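Let's start with one chain on its own, the form predicted alone, as structure tokens.
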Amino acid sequence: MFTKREFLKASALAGAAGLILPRFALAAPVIDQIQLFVPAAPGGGWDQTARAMEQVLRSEGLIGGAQVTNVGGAGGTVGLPRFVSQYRANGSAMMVGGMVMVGAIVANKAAVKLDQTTPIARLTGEFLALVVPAQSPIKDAKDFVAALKADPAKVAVAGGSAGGSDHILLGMIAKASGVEPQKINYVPYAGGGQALAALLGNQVAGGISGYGEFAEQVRAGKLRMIGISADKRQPGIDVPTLKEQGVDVELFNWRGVFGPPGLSDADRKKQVDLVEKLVASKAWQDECVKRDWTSIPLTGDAYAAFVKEDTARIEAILKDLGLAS
């Protein structure tokens, strides 16, 4: 051990000799070069998650560098087989995915399943909002359920792609209310803008999407939010949950990361440690606030069990909707 005097003396000698002392306080990266695989096109939720991860991991010194690879198509089912085959046992490779991929695998009868990867961690979740046009006679979720029970065909609800999280939530609401899920009138749109236009034009009775998609129009009084699929009321959103209103449904569009198949125990632990350090950082927490993401971290075996349970739940509701056999 150096005494303070010896350290100062050594520093002076090193300076005189033109040498640079090592930066003892600088921690080594958990993973030197990480490869983030995104089974979706640039710009979407999974891509945003990967690039936010890269930014924070770099700033926190948890990685030395990163490469993001995008392979989009069919809710992630085009990219998944490539990740499974090309990155096997690669301890520096991680794939970003989530609930949408679970549904797409079932709906598309994909040959490669999510259980062929190594679950590492759940990161964020986005609760879904149920809204109606401002002029609608439907004032709350109880009114919505009553209309659904009276004639589900007359309650057209706009949302994203068929079999996606929006469609799944409507199916869950119907089933919980005693309505046959296959009788619901779900209107899928390729983009959030189109669904919003249908709502504002009173072409549909309601709409389902992430809260952020509707927030501006709700604040402007052009849409009325009548329920949220969260487990509890959300800060800054003065709307009761569906459960509070007697609809026993809870759903969030979660995103997480997966390692490739064949990871060693040591590499799996290293990836879990990396993500645990990521989500504990103030930089990540600030990023979630900035992007309106709800941080719901879950790692390792607990995450693997969650993915298995959620896959079974989503498969069951897609069968109810007639989208899976």
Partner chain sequence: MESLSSLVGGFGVALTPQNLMWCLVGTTLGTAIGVLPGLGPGLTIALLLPITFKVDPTAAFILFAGIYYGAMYGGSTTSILLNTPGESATIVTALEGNRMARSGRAGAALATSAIGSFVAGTVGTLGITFLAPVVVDFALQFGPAEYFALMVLAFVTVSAVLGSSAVRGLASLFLGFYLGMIGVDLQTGQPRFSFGLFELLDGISVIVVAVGLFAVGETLYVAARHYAGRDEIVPLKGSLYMTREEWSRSWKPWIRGTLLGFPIGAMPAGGAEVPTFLSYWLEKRLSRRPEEFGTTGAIEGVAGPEAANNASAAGVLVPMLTLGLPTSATAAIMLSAFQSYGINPGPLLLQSQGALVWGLIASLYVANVMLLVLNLPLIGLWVRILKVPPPLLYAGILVFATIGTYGISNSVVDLVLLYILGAVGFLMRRFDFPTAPVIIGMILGPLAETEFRRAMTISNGDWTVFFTHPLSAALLALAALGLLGPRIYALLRRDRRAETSPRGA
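None of these values were measured; they are calculated from a predicted model. Positions refer to the first chain, counted from 1.
Form predicted in complex with the partner chain: not shown, discussed below.
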{"item": "Sole residue of K142, R82, K243, K175 within 4.5 Å of the partner chain in the model of the complex, by heavy atom", "value": "R82"}
{"item": "One residue of S92, Q234, S161, T118 in contact with the partner chain, assessed in the model of the complex (non-hydrogen atom, 4.5 angstroms)", "value": "S161"}
{"item": "Proximity to the partner chain in the model of the complex (heavy atom, within 4.5 Å), stretch among 209-217, 248-256, 226-234, 142-150", "value": "209-217"}
{"item": "4.5 angstroms heavy atom contact with the partner chain in the model of the complex for R51", "value": "yes"}
{"item": "Distance check, K113 to the partner chain in the model of the complex, heavy atom within 4.5 Å", "value": "no"}
{"item": "is_contact(Q203, the partner chain) in the model of the complex, heavy atom dist at most 4.5 Å", "value": "yes"}
{"item": "Touches the partner chain in the model of the complex: A134 (any heavy atom, 4.5 Å)", "value": "no"}
{"item": "Partner contacts for 73-94, taking the partner chain in the model of the complex and a 4.5 Å heavy atom cut-off", "value": "G73, A74, T77, V78, R82"}
